[in-house]
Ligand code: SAM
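Take a look at this single chain, the form predicted on its own, given in structure tokens.
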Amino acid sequence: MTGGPAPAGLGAGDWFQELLFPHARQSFEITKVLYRERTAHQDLIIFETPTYGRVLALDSIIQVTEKDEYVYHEMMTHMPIVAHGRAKRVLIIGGGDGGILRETLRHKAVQRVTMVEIDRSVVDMCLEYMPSIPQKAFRDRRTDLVIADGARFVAETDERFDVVIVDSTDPVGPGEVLFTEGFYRNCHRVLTPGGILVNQNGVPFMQADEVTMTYRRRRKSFKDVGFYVAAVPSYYGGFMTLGWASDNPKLRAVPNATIARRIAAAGLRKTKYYNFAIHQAAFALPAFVHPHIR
């Protein structure tokens, strides 16, 4: 994997090239650059496109777009919370755009959401330039926003959570530490019994080694480890794998009828991607992924 500062001087009519993979790239036509900053942690750019609306990229890697953000955010959030069935306290690591926070707060039973984001600029600029993503989430009384290192937070906190959602960049730069054995061990430590960890795990067609790496590292701390998939159009390379880890294997096989009841009880009537059928189907992995889970 690669990544680095985006070319200087980008403007309307130029093409933004994502630099995640060394031998394949995707490009986005720019209609307007809205904001550009080299923060203390990474190169941040927000720009408008004809197809995806406003787009956030960090170190030349696409993070979120206005038009398809719901796929990733709904699947990262509702899958673990609905499967758990009794989640009251949720920890989000990363997720500065506020999309996962927004979806988590849709669950009436969730009493507290702690969100730990390392880069305040991501939060501030998404609030200013991409407000349709967080909406009112950062103003919700249940939200506790902590600007800090997520890896350090799970290593030091005395709090416990029913669900941990790791919305990180890829394992380069600031996000690298969020893919280590030590980080997964600490995530297990802060989970309540039967809790669930999910994490962004890349595109398996392009990042198969990442699937193997995280599987091996997570299974050292959790009894049940696996993946589920979602199709996010702006993430190049096909299906995206989302990591799943818990000590309760039954949580990956909650009956459809139970999932449907929980979705109704949570008030999730207007999702755009996630539903009870997708919930179970998402755990069915394409055949080419299985050899990398070893």
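Sequential numbering from 1, following the sequence displayed. Bear in mind that the values here come from a model prediction, so they are computed numbers and not experimental data.
Here the subject shifts to the form predicted together with the named molecule, a form of this protein not shown in this document.
> If contact means any heavy atom within 4.5 Å, which of 104-112, 145-153, 83-91, 212-220 contacts the named molecule in the predicted bound form?
Replying inline: Every other range fails; the passing one is 145-153.
> So in the predicted bound form, does residue 177 come within 4.5 Å of the named molecule, heavy atom to heavy atom?
Replying inline: Within the cut-off, so yes.
> Does residue 63 reach the named molecule in the predicted bound form if we count a contact as any heavy atom within 4.5 Å?
Replying inline: Close contact exists here: in the predicted bound form, residue 63 approaches the named molecule to within 4.5 Å, heavy atoms only.
> Any chance residue 116 has a heavy atom within 4.5 Å of the named molecule in the predicted bound form?
Replying inline: Result yes; residue 116 sits at the interface with the named molecule in the predicted bound form.
> Quick one: does residue 244 come within 4.5 Å of the named molecule in the predicted bound form, counting heavy atoms only?
Replying inline: Close contact is absent here: in the predicted bound form, residue 244 is far from the named molecule, nothing within 4.5 Å, heavy atoms only.
> Here the chain is shown alone; which of 169, 207, 186, 157 has a heavy atom within 4.5 Å of the named molecule in the predicted bound form?
Replying inline: Only one option qualifies, and that one is 169.
> Pick from 164, 130, 122, 137: which residue has any heavy atom within 4.5 angstroms of the named molecule in the predicted bound form?
Replying inline: Contact residue from the list: 122.
>> If the criterion is a non-hydrogen atom within 4.5 angstroms, does every one of 70, 203 and 234 touch the named molecule in the predicted bound form?
In response: Negative, none of the three is within 4.5 Å.
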